[in-house]
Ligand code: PAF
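Before any questions on how it binds or moves, here is one chain, the form predicted on its own, in structure tokens.
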């Protein structure tokens, strides 16, 4: 497994290969089984799989959330090597943002609801860094999870609107046995917190309305930021033990 730390190194490696050969999984680090499902799918469908690990500061509208994001590069690299990933790209902030954050990708419709409404600027940072990474890696296929379904829709539409020649592929959310959606942030929850968090998925799935889902979760003492139906799915953002969790289900 190669580990390349600079864009210059990566481009030198990349220029020798066809985009049709490459599957790409971008991550913030803190890898869990949700990430691994994307990586395994890429390995199955492509000759070469590239994984990026970059904790992107521009998508965090809360500085403390960035500072407490659970990520360990040595552990992540060990995990990726055990999967036989071909290449890991670990650029620095200075490499990805050489002139600061002077240019950004803005979406003016679907980024303004749900996460975009409650986390101003979040999707500007997501779309900007994903555009940069896709332009650097130039994959044939790039993989994203449906836990971040709004993000997937925005990235898919961005690639379409900017005529980027690649496929954006979404895979189902991977869950713990309790139903809790896999997330790097789950590591910050206590055992009791994880038990309470398991009600998010159950409630989103079983409630007859958004209002009923909100009332049920609040009756359990959970801090509900929003429960909203959109594009045939029900989305929720809930805070437990100062950890913000999101999930969505098809309805």
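Bear in mind the structure is a predicted one, so any value in this text is a computation, not a measurement. Numbering follows the first chain given and starts at 1.
The next section is about a form of this same protein that is not shown, the form predicted together with the named molecule.
- In the predicted complex, no heavy atom of residue 34 sits within 4.5 Å of the named molecule.
- Not displayed here, the named molecule is approached by residue 151 to within 4.5 Å at the level of heavy atoms in the predicted complex.
- Interface residue remark: residue 26 is counted as part of the site for the named molecule in the predicted complex, having a heavy atom within 4.5 Å.
- Though the partner is left out of this view, residue 88 does not reach within 4.5 Å of the named molecule in the predicted complex, counting heavy atoms only.
- With the partner omitted here, the residue from 114, 168, 137, 130 that has a non-hydrogen atom within 4.5 angstroms of the named molecule in the predicted complex is 130.
- Residues with any non-hydrogen atom within 4.5 angstroms of the named molecule in the predicted complex fall in just one of 172-180, 75-83, 142-150, 102-110: 142-150.
- Residues 56, 59 of 54-69 are found to place at least one heavy atom within 4.5 Å of the named molecule in the predicted complex.
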